[in-house]
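So this first bit is one chain, no partners, the form predicted alone, shown in structure tokens.
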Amino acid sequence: MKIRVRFSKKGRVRFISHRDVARVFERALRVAGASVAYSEGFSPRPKISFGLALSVGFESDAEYLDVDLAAPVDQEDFPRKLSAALPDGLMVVAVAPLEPGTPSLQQSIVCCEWDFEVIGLDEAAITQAVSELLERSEVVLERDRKGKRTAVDIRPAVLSLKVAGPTANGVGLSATLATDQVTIRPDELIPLLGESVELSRAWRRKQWTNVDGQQLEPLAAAGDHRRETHVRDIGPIELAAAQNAAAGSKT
């Protein structure tokens, strides 16, 4: 049995790396009682695969991992158990069975929706900078690839960019950035708005896959996307109850 897990990463835990998050989930799966399948060979590894890495310091409402299980789990209870085994800031939002032949997360995710907070210019100046960027037919960046400097036009990767309004510390932006062919990272995008503009906070709100010409949220793409019953969401009340139960069992 394979499952796909959606989780959020918020607060101070945003400062731990993608590799550390993977280690945390390996432990949490054991604590939650999941029988994770292992690869064969000299150095067996748990069959857990993550989606797109999230940069250190960024937060997210929509991170994903796929797990190959040696034995099935109770899908009604498993999200609560797994969330209770994770540190504060990491929470399982939903779980769905993974249909055979489903493309991997790395293969299928085509774009992400982001919210940003930027500082350095006021809202009017940021609005002007965004307008000028979107009017450009070409935006060339130089990147290092295998030791060589390569010029890449990243303008096609900026699918949308809008000013959301003022924030407590700066100006809010929302963006949709491509991840499949031509790509651009948030830390590459924001400096294009001006030398004095800095990225203060970043939140990955959604990720989208392309399945048979349809744009789907990765959890829906895990199974029959015509039905919603395969998705098991967990709310904050359920999470609090699970964490209290887990704490009681340790005393």
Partner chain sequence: MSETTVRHSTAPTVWPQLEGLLHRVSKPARYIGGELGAAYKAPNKDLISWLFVYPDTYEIGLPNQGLQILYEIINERSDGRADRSYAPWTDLEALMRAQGIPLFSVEHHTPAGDFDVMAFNLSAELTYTNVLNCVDLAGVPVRADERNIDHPIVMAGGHCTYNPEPLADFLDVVVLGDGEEAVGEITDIMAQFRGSGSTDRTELLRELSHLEGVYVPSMYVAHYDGPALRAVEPRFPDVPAMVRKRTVSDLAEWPYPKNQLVPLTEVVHDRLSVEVFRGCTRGCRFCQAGMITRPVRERPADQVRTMVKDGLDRSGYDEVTLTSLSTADMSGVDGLVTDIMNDSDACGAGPLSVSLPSLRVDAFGVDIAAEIQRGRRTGLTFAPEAGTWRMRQIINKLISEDDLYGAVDAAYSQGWKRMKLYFLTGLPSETDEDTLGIGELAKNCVDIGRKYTKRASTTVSLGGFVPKPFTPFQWFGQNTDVELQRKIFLLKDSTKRMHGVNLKWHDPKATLAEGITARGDRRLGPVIEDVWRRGGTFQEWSEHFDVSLWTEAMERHGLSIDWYVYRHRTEDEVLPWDHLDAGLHKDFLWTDWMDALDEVGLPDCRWTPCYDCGACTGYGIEHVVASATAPAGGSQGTAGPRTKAVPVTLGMGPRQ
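Numbering follows the first chain given and starts at 1. Here the structure is a predicted model, which means the values were calculated and not measured.
Heads up, the form predicted together with its partner chain isn't pictured, but that's what we're talking about next.
Shown here without its partner, the chain carries 161, 177 and 213, none of which come within 4.5 Å of its partner chain in the predicted bound form through any heavy atom.
This chain is displayed alone, yet in the predicted bound form one of 87, 156, 165, 72 has a heavy atom within 4.5 Å of its partner chain; that residue is 87. Judged by heavy atoms within 4.5 Å of its partner chain in the predicted bound form, the contact stretch among the candidates 179-187, 61-69, 41-49, 213-221 is 41-49. The closest heavy atom approach of residue 201 to its partner chain in the predicted bound form falls within 4.5 Å. Not displayed here, its partner chain is approached by residue 30 to within 4.5 Å at the level of heavy atoms in the predicted bound form. With a 4.5 Å cutoff on heavy atoms, residue 56 counts as touching its partner chain in the predicted bound form. Heavy atoms closer than or equal to 4.5 Å to its partner chain in the predicted bound form belong, across 170-193, to no residue whatsoever.
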